[in-house]
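The chain that follows stands alone, in the form predicted alone, written as structure tokens.
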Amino acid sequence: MKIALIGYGKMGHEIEKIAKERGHEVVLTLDTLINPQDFTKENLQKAEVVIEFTRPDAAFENYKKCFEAGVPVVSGTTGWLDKMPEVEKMCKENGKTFFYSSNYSIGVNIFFRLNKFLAKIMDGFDNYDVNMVETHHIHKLDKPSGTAITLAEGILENFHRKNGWTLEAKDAKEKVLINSVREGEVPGTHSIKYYSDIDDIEIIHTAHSRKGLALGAVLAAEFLKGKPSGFYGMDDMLKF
């Protein structure tokens, strides 16, 4: 399969490495700070799929350029979800193909399911409250992480004493408190704790490198091959 990469930092290089190991050809690498002149319709059309890991403020415009070129997109950028309805509309009404996940790690997606299951159980025990801590490297721009938002949404679907999520401790009584930490080069750690006066119950996912994210993104690109237009996610690929 011929792949174009938009975003050629650490993640882009890891994706390129794994894509080549799996027998794919990377026909285009784009870094808007280095070679923006190569971001053309003609170059995009050399690829069968685009994998995009960039910045929240650039992602939506990148998607539109790919859609104009008629190339499916796998997106790993977070922090742009206010534009999600527009992307979904383009997929539905204009025949575009898009795959999005807040986290491409297979382990994290298993963690998403575990999180929902635990929240459903804990909803029956009024003496427990819940909070979350997410820790990432200092280069990550969005707070909280897209993964943390997905986890919070999973809690809210099943733990009905909360009506939203917050970054502010003063709102934690009614909302799921997310503590966002940015330090060092941490790939990503997410912990969810249910706590009471008697004990704590905690689940944690710790990423050791970017490899799991990169592999998942390449698997998503493989999944899109031959698929009809539409908006896809990890639940579709993993058949959860």
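Note that residue numbering begins at 1 and tracks the sequence as displayed. This one's a predicted model, so the numbers in the text were calculated from it and none came from an experiment.
This protein has a second form, the form predicted together with a small molecule, left out of what is shown; the following refers to that one.
In the predicted bound form, the one of Asn131, Thr166, Thr135, Ser102 near the small molecule [non-hydrogen atom within 4.5 angstroms]: When the small molecule is considered in the predicted bound form, the option within 4.5 Å is Ser102.
With the small molecule left out of view, which of Ile201, Val27, Ala58, Ile204 would have a heavy atom within 4.5 Å of it in the predicted bound form? Among Ile201, Val27, Ala58, Ile204, a heavy atom within 4.5 Å of the small molecule in the predicted bound form occurs only for Ala58.
I have Arg113, Thr150 and Leu238 flagged as a candidate spot, so tell me whether each of them has a non-hydrogen atom within 4.5 Å of the small molecule in the predicted bound form. Contact check failed for every one of Arg113, Thr150 and Leu238.
The small molecule contact in the predicted bound form: Ala4, any heavy atom under 4.5 Å: No, Ala4 is distant from the partner.
With the partner left out here, check for me: in the predicted bound form, does some heavy atom of Lys162 sit within 4.5 Å of the small molecule? Contact check for Lys162: no, nothing within 4.5 Å of the small molecule in the predicted bound form.
Report whether the minimum heavy atom distance between Phe39 and the small molecule in the predicted bound form is within 4.5 Å. Phe39: contacts the small molecule in the predicted bound form.
Taking any heavy atom pair closer than or equal to 4.5 Å as contact, tell me whether Leu213 reaches the small molecule in the predicted bound form. Yes, Leu213 sits close enough to the small molecule in the predicted bound form that at least one of its heavy atoms falls within 4.5 Å.
Please identify, from 46 to 54, 193 to 201, 175 to 183, 66 to 74, the stretch that has a heavy atom within 4.5 Å of the small molecule in the predicted bound form. Looking at the partner contacts, the answer comes out as 46 to 54.
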